[in-house]
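First comes one chain, alone, set out as structure tokens in the form predicted on its own.
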């Protein structure tokens, strides 16, 4: 249960906005401006904060961000790494997965690729307590559903 001090210091939330923005590509224009600006958030402060947090990713990487806007026009920004499907498509060198997953193979990856993706995803807040093995199994399942075959090593 929350203590009395925590309850009294909570700030009332005006809105929660979920965005997908290219890494380092937040600008005050669309899609960021209309989505966040309608709650009277300082757009330049938001863009600078987002771009600073995402500078370690490639510029074209789609970053999922959750913005919690408070009644006093301040915000809290949570940034996640790019999705597993984006990493798998980049590693396999394909634009999209197979239309018939399980029947047609779109591409092939090695376990080394899967392990590297799992190491990156382990830094995400929702995966930080999962083992690398569990994250790797999840990535292999995602690859299978995209029609990407995972092998021990390529010949």
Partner chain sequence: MSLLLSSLRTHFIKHLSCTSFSSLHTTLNLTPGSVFKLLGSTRNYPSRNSTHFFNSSPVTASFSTSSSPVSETPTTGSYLSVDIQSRQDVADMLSEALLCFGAVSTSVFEPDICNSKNEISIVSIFAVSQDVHQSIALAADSIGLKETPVYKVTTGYQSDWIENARESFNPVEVREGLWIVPEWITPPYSGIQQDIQATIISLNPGLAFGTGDHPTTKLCLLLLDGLIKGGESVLDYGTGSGILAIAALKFGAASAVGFDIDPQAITAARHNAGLNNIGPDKLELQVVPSNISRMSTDQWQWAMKSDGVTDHDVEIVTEKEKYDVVVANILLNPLLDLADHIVSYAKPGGVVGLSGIILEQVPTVVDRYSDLLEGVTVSQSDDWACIHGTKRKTG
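It should be emphasised that the depicted structure is a prediction, and the values quoted were computed from it without experimental measurement. Positions refer to the first chain, counted from 1.
The same protein also exists as the form predicted together with the partner chain; that form is not shown, yet it is the one meant from here on.
- The partner is absent here, but in the model of the complex a heavy atom of 52, alone among 105, 123, 52, 94, sits within 4.5 Å of the partner chain.
- Contact between residue 115 and the partner chain in the model of the complex is not found at the 4.5 Å heavy atom cutoff.
- In the model of the complex, the partner chain sits within 4.5 Å of a heavy atom belonging to residue 15.
- At a distance threshold of 4.5 angstroms between non-hydrogen atoms, residue 40 is in contact with the partner chain in the model of the complex.
- Taking non-hydrogen atoms only, residue 109 never approaches the partner chain to within 4.5 angstroms in the model of the complex.
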